[in-house]
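What follows is one chain in structure tokens, specifically the form predicted alone.
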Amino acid sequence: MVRKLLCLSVLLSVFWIGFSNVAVAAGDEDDKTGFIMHHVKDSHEWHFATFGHTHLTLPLPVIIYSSDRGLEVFSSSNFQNPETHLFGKEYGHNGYYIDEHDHLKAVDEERSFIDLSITKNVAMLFIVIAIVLWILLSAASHYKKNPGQAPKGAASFIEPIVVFVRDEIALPNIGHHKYKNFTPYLLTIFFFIWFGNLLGLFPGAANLTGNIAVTATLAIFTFFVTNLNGNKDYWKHVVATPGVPVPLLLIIVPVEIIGLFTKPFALMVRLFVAITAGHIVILSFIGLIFVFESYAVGLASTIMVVFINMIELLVATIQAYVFTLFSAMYIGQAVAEHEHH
């Protein structure tokens, strides 16, 4: 297992450094670390590499809805300089432009519209969903066609993980009576986060789970699943904690209500910070190679990148596990039957 992790980490590190070298060579000589934020941020185009004056990019659709024009669809290539691939107000199209921060804006600042564009993170979202569905449906198809037989292919990969999430996360935290109702949800968020984390480690990939909008959405799902399934005991502990003197309820109840929101907030921030920080650290060590232009620094940075890549492969799994575990704990607290003495 360690050998496989090391091999994969070395390959990822080689690709990271290679792609970063191309990015730095094509960019501003005075900004040798600009590729770091370019990778972390979302974008209206999917940029893979630059070779000389050739930009290997995938233009993404810009979708705009406004009350007066209705639905409008353009390619993001219409909003950029064809030579430098830079966005800016001077490259506007049909009354819209993408600024240097990759935000879609109208030339007329008073004009209102809804941006429904397929950005790099949205495209990555669809890819992750497609891969997860393909693997899980392939495993389900195997069991339907071969009942009672040993799993093969995708099923042999999926079954141990499904059993682990069910028996080690859902069952102990939610309880025997309710865990089956919530296991599908826990499996969904586990596989989505895990595959999103792993795919995001590849050079050129989108930083999906390092986008706070994505982690916020996942946390909101857990918030609603938890509170919509909360029983009477759960809400009684929130709005009128049993056994607490009435004067103290004035303090306890606001704290409990705030706690309803701090739990999903912690889920959101933990995943966002862990994934984004990992990407920035890796890219920062790569950036040191081009800042110092030293073989010694290059060798040391490469070793550190390989080491951190090994850690990131583990972190990708750990963060999926932690998010699923805490979601199960919150759900378990909401559906548990309490005994009052």
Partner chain sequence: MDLIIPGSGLIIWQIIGFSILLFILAKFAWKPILSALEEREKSIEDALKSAEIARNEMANLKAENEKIILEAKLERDEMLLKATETARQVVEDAKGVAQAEGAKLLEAAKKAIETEKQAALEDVKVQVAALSLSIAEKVLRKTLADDAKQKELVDELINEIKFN
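As the structure is a prediction and not an experimental result, all values here were calculated from the model. Positions refer to the first chain, counted from 1.
The same protein also exists as the form predicted in complex with its partner chain; that form is not shown, yet it is the one meant from here on.
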If contact means any heavy atom within 4.5 Å, which of 168-176, 236-244, 186-194, 254-262 contacts its partner chain in the model of the complex? 186-194
Contact assignment for its partner chain in the model of the complex, among Y143, Y91, F157, F74, heavy atom within 4.5 Å: Y143
Within 4.5 Å, heavy atoms only: does L248 come near its partner chain in the model of the complex? no
Test of understanding: in the model of the complex, would L314 fall inside 4.5 Å of its partner chain by heavy atoms? no
Decide whether N309 counts as a contact residue for its partner chain in the model of the complex under a heavy atom distance cut-off of 4.5 Å. no
Proximity of V163 to its partner chain in the model of the complex, heavy atoms at 4.5 Å: yes
Would I63, Q149 and T217 all count as contacting its partner chain in the model of the complex, using a 4.5 Å heavy atom cut-off? yes
Select from 257-284 the residues with a non-hydrogen atom within 4.5 Å of its partner chain in the model of the complex and write them out in sequence order. F272, T276
